[in-house]
Ligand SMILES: Nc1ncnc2c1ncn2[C@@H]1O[C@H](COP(=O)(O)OP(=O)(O)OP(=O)(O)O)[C@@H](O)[C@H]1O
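The chain that follows stands alone, in the form predicted on its own, written as structure tokens.
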Amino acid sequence: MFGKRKSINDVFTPRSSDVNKNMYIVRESLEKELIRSIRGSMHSFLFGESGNGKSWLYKRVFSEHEIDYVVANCASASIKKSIVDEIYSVCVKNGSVQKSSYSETKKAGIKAVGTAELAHQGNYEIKQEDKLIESFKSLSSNTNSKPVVIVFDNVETIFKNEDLMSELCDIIILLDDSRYSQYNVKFLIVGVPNQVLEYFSSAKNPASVGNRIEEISRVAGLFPGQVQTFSEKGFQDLLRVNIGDTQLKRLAQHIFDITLGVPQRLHEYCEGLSYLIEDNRWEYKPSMLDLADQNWLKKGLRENYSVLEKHLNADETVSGRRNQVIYALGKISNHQVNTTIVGEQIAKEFPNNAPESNSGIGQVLSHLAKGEKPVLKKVAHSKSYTLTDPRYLMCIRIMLHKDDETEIVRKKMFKLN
């Protein structure tokens, strides 16, 4: 293959804050929705599970459309105990001195007694301008009065802090005041829980806060076709690995199944696999996937593995109902599951050994939702469950396999120490 091979660390960048332009996968629908929201009359809310690429998404969109922005980190606001102070710190240049008082010395008048000059000193307070207005002024001067976005990132870190969430609500309301709105500032709120929007709708007057925020579609994992494109870019185009089309398609499907298409996990997994290929003189072999799975499990899923291991049946029997349920969970793509959905999957996966009824499945699901580290959590006001962490699904798909002949679920023997 032609062309210079890139460094693995330049191709797969799991924790890079900067957008990896070579490996960025376009999400046309989300990008279009975000820019239209930013240009609209409301503030915007972007949410999705950690690692799904929310930061890269808005940074890419703002760069493409030349939108000026600054990032106020809510985790930093939590430390400062003030959102306004965090806004101020990212808008006003570091090191700028804000004078708070001055002193003035006056000489005595002509009626002073004796020949010595008398003087007195007066101290005067300088009225400080509103920090929020000062921040907006600074932004406006740096962007030539163009519209500018303040991104509130990691909003989940203050979600349970009533004081900071209330402060954020107040700031959102203030932006309709002419003293603040003249600076053309928009807000983009970025975080994990979509319940934040529900909070805004109930914490203050819904007409004052909830109706000022527009929710962008959830940022989820990449689709199988996008993972295929990601694999082609990384392995073939940039690392110059000679992988045939059929093998590449199988590789991409395996990567998708394991990582669920979560961009950060894609970069993590492919980085590890790339080192295995490099050690083999840049020749890829399908047998490398088992070792890549094991290495990735050790690196990022160790705790999830330990929790799941405790839930498995001690003996591997055909009728190991708990193992069947956990294995079935790994095959279900639904965001929420219940006894019926799991029962249908078990009947599909174990046609010769599936029970005649769904008896016992509900008990297993309930068991998985208990303890200090539950695998599942109950969905409010329903009989459904959802995973507490998507990494449990990734882990199930790596650690369990089914013997097609006996239909027995077995745990792959990984040495995690």
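Residues carry their position along the shown sequence, with the first being 1. Here the structure is a predicted model, which means the values were calculated and not measured.
Separately, the form predicted in complex with the named molecule exists; it is not shown, and the next lines address it.
- Looking at Asn154, you'd find a heavy atom of it within 4.5 angstroms of the named molecule in the model of the complex.
- Using a 4.5 angstroms limit between non-hydrogen atoms, Leu393 is distant from the named molecule in the model of the complex.
- Within 4.5 Å of some heavy atom of the named molecule in the model of the complex lies at least one heavy atom of Met23.
- At the 4.5 Å threshold, heavy atoms of His43 stay clear of the named molecule in the model of the complex, well away from it.
- This chain is displayed alone, yet in the model of the complex one of Trp296, Phe256, Tyr327, Phe230 has a heavy atom within 4.5 Å of the named molecule; that residue is Phe230.
- The stretch in contact with the named molecule in the model of the complex, judged by heavy atoms within 4.5 Å, is 263 to 271, chosen from 181 to 189, 263 to 271, 160 to 168, 140 to 148.
- Contacts to the named molecule in the model of the complex (heavy atom within 4.5 Å) from stretch 6 to 29: Thr13, Pro14, Arg15, Ser16, Met23, Tyr24, Ile25, Arg27.
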